[in-house]
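Alright, two takes on the same chain below, each alone as structure tokens: structure 1 and structure 2.
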Structure 1
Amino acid sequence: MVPSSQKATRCCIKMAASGRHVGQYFKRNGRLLTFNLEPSLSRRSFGWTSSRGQVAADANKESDENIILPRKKTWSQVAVLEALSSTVGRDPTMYNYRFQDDPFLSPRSFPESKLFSKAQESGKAAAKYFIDSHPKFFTKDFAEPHIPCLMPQTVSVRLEEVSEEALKERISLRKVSAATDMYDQLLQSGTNVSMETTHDLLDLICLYCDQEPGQEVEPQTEDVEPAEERPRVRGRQNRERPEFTWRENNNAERIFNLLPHRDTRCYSALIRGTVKHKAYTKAFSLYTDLLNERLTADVHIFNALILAAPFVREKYAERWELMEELLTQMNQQSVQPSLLTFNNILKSLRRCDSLARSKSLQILSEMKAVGLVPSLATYNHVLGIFYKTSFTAKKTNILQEILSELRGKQFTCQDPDDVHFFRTAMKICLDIKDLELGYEVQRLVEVGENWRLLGNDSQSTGYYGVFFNLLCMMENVDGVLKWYKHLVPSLFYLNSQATRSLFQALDTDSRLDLLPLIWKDMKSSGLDKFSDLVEDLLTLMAREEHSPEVSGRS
């Protein structure tokens, strides 16, 4: 059947079909037609129909000879759970999932939520601390199969003798001073320490700026304050991650100078450490030493130096010149730039106001030429450059271009500055009072798992606060209320500023009958303590004569 139908199509294609061809076509198809009709006509002759069917089946088999067997599907361990969780999503009517335990223990305001989440984490940390420091009480293993993450981990040093193994153990346990002492003892006893271990030791000391890692986390008792908002929030954040400054001639430098033969990795450790701990001039002097010893730097050294460049020069032009010089040297030494390189360039460009705009576009095109995909941090820096003041903000529409390029894309965190992008973008939308762009940004946040890139609690609250302000300013009351129900209190706790803008929105659209609802939420979230908010509310209510049903008088 198949060959004859092929011939039929060929005849159809050939325009100059002679009568003979046509006649043959009809002859053949006529035969086929009669063959097709006959089975239905002669239903009684079963044998013949079945053989006909068989021939047809064989012909079908020949045509489908290459049956493609589907490959066996392998599902990941969590496939079932992921499918289920995609049906559940987020519950917008309740507080955040991690607080859903006891209704009494649900946080009603943002400071309370921070306090409660810190309490949860500190509980887990305390449990882990006890298990690790007293492993002899936790020897019996009930679980089948074995759960390694619940077992006590070694935190104390076991090897006591002076040897390289002991040094490696101390390095892996991140004990800075113990490792330095062990290294000094090894040197005094004359043992040769391998380059690998020396590199690791230098990395350790430079990373922690010669302090023990445990000192970075301050005890939380001093930070517990009553649930009131204070303007010291920024100070508190700084205290949570104290930044050490690089001391002159600390252990890292001492060990570094004692080394007979320093290679790129040693320099890399020191330069990265000095830049991380704000000793910028020292970093550059180390770099000149590296160049004098005719070594090639690696990409990490260049990344760190680019970050340090704006701090060692005063004028914008000089800063850019220094960065350009670094980049040409990078090219000469054939070091491949990474995403972090470009992000650091843009970050440093933010400090070179006048030159920034033109150069940043050049940088973006270079990035694409090298083949790197820009991350959210890149776009964040670009936005910071272009929308620096409200004056410059009016002259550009780069946010729109960026958003249209990023539409529907999923992101992962590749740079710690990625988390600032959404807040910056939303702030710009608020400044230029563009609601549509705001909705675009929110749509981007809701794609897949992008909401995870809103950062920690404070950062995501900042984002939603700005978004809510924009809505109250620009959107009509129904939209505002819809988003209000969507965001509060699962993603965003009302604060005084948001409440004020909400009052304004209600006032603009004269929906003051919704005020009792808002008052109920205010009371539950503790905002009724702010007397100025209560006064605003009462002013709105008392300003005009409301209809009896609103005011509750019969």
Structure 2
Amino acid sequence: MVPSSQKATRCCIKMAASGRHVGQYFKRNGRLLTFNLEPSLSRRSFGWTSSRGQVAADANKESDENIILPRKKTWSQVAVLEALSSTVGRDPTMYNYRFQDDPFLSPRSFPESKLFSKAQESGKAAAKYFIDSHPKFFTKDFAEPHIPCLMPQTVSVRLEEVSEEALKERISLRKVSAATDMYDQLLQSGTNVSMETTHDLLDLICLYCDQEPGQEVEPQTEDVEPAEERPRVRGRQNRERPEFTWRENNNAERIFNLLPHRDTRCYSALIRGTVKHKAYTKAFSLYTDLLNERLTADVHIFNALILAAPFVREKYAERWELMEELLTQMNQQSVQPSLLTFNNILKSLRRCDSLARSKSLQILSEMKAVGLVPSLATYNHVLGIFYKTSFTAKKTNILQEILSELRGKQFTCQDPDDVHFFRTAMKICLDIKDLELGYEVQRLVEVGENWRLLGNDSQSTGYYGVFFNLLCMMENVDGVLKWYKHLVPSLFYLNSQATRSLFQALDTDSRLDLLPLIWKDMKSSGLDKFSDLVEDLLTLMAREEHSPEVSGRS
């Protein structure tokens, strides 16, 4: 009897043998089978032979091409918030978002908004002071992403030993007197202070004119620069702003004179400090010393001296000759001019009267020749030169040319004077009474985030005030009311001047029926307390002929 395992083995051997015979048969007769099938298939009209070949060709073609994978898109941590913010527009019927925390306290006028903003900033400063003074109570960070400005910052001195690290700490905390004392102690102990730390110390002292930040202006003494070297300031805002004046032999000059080796950076700190604090003659004296030591100035030195040039020369031609001499020396010293260089030239040219027009166009051409793109401050200075008076404003079309060049562009702040362009342009539109140009300026403001370059609240309010006065003067009453609803109160608070202009526009178009609506807004803005405005309103209302039912006459 044969076991079952042996039977299975024999069966497998037979199956393997039969399969081997079949394979050998196909190997011998495969070519003959293919040769006999091809003619018969070619005679058949299946219609798939060409399409199959096309598909195969396309597949080979795609395989030959290089597959380019797209680069990974990196999103910022606030990309979702930015996308959501872009879908929400400004509500013209509501006050600014900063004033919506408490509707009862929302300001109704510009003075109230200014007071609200100051109170809000004061509260933030008090909270920041408490957080910085007691950092141990604020150790947890819940913000996602991390916001460094909301975390405690060091505001007190921690390093008490006499060392360069302690000096760096006092410089970073902007403690002018403490940093100066530490520097003197290091010199007395025989410790050498690195040149980089010395540069930072000179920058700090020159920036704050050897005074502590926030310190009140002290009375002038005998070592103050002569008064004729300081420009006269006009306006209430300039008179109220505290200004430090450069003092002879202050700590910056003392430290500078103690240095065994003075490089360009040391001279740059003092020259910029003297120009900032209106010691213009001293600045040019330092520049002469720099040249005598066979040093090369940097672009910051030339930028400061160009600003100081109009204050050390009396005649317009002499001022321009001095600026030309500085530019020539820049070229000789291979110093590449920056955007601020050309802006400072144009700013100084505004004090050269008759020479300014021709020279300003040369400066613009030279600016474009070196590959620099003008900023809004550049065009602001050009407008200040060509539209110096209302008489000369009507004889030039430079504003139209500037607006056509800037149309549709978005800007970022590159110069502190960039924030003055839009208000200057709108004021020119008001002077020449050109409404279309005013609309062109407003459209440029609405491009992207150009509205951020309107300046602070006061400057922004001034711009919209001029724009609204232009509308009341030149636009029909329907257009005025359209912009009135668009601007008030979200962007512009109604004031006495704007109210009078609105009265005049309503009177011109005989739309005195809208006076009750204006009176309602006047009450909400607090303008009903001004007796002269109320009298103007009543005078207009008394001029209108009413029906007997309204007037109460029989």
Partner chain sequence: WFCENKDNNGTLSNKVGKSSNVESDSTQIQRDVSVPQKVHTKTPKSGKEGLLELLSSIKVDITTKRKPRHSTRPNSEKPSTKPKPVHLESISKMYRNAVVDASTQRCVETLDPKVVSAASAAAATLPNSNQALNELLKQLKENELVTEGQKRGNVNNLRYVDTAVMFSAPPTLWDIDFVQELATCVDHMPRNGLQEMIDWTKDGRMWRYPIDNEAGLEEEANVPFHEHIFLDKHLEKGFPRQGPVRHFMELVVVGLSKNPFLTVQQKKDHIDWFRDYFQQKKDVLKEADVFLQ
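The structure presented is a predicted model; accordingly, all values stated were derived computationally and were not measured. Quick note, the numbers are simply positions in structure 1, starting from 1. Throughout, rigid core stands for the largest set of C-alpha atoms superposing within 1.5 Å between the two forms.
- Between the two isolated copies of the chain, the form predicted in complex with its partner chain corresponds to structure 1.
- Annotation: Cα of S76 displaced by at least 2 Å between structure 1 and structure 2, core superposition.
- Annotation: Cα of V299 displaced by less than 2 Å between structure 1 and structure 2, core superposition.
- The Cα shift for L150 between structure 1 and structure 2, taken after rigid core superposition, is 2 angstroms or larger.
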